[in-house]
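Shown below, as structure tokens, is a lone chain in the form predicted on its own; questions about how it binds or moves come after it.
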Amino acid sequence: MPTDIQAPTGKKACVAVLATGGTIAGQAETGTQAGYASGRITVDAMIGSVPGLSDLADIQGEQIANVGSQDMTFALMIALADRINALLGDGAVEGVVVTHGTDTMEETAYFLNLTVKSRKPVVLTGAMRPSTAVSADGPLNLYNAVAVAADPRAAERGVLVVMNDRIHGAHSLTKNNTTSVETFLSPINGLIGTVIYGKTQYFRGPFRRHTHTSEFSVAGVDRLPRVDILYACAGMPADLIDCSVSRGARGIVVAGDGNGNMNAGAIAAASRAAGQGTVVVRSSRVQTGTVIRNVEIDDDSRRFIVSDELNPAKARILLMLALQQDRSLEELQEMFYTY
């Protein structure tokens, strides 16, 4: 059952809008062409282009970066987490919106879900069409994201993503379409809620640990351990695993077939890697479902970890953060059930 619908409030909240670039800040030469350049519009221009935004909250804008999200780096993610923690530690700021490209939005959202240390709302949004497009989706997405960030009932729900009138949780959402405005789905756990022209409705909270309950921190961190993702397929070359190990990967996430499977040669190479101390996580290239231990592969004897619900991209992020400290395989496996 939906919890409740947004009711009018008195004093406006203070919401910080942190811009990182992406299609929402993109421009094209015409309003009807597919090609465009990401990260061309500034945060002030974006804020100024949305009618009624200042009615929702007192807005302060800040340009963190202006890149397409295919160029999002962990250095930028760490800087973003540090800035959000600083802003939300200030009692004056009651919510944060991050504008971001959609290609890696789910990764940044999940990273922040594990590293932001606040109960206050943190909301990512973006666009599938550049700002110059006919029927650009960015302005309404930004309007709705600010409405959620300004809503005290969005607190304690972890990092959220607002796109196309949907409110997604960072743990569950994934990009599902290359071009459609209905690109994001939360296929395993479902939506957190909806937001329609600034009116919010919530269905649930997150099921996993997040934000202020997370044990992870990037305070004072400037780099994270290398973790590679390898895509399993028919005839997958086993030497890809050997190559990752030789290049210094502390961990390997296999985007496996089905229930995180690999061919016999890849299993043997992954077992050697795990025996030498590289952490091997079995995830899946399949969009929905969980990866279960000891079904077709004996994970216990081979010292593998399974990703449970996390897709390969998010499994990589969790492992990178977890490998900041020495942890047993049992502790690492429990983290995939916890986060």
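In case it trips you up, residue 1 is the first one in the sequence shown, and so on. None of these values were measured; they are calculated from a predicted model.
A second form of this protein, the form predicted together with glutamic acid (GLU), is not displayed here; the remarks below concern that form.
Using a 4.5 angstroms limit between non-hydrogen atoms, residue 128 touches glutamic acid (GLU) in the predicted bound form. Shown alone here, residue 32 lies farther than 4.5 Å from glutamic acid (GLU) in the predicted bound form, counting heavy atoms only. Glutamic acid (GLU) in the predicted bound form is approached by residue 102, whose closest heavy atom lies within 4.5 angstroms of it. The closest non-hydrogen atom of residue 38 lies within 4.5 Å of glutamic acid (GLU) in the predicted bound form.
Of the stretches 138-146, 246-254, 69-77, 220-228, only 69-77 has residues with a heavy atom within 4.5 Å of glutamic acid (GLU) in the predicted bound form. The listed set 175, 153, 119, 199 contains one residue whose heavy atoms approach glutamic acid (GLU) in the predicted bound form to within 4.5 Å, identified as 175. Shown here without glutamic acid (GLU), the chain has 22, 23 in 18-32 lying with a heavy atom within 4.5 Å of that partner in the predicted bound form.
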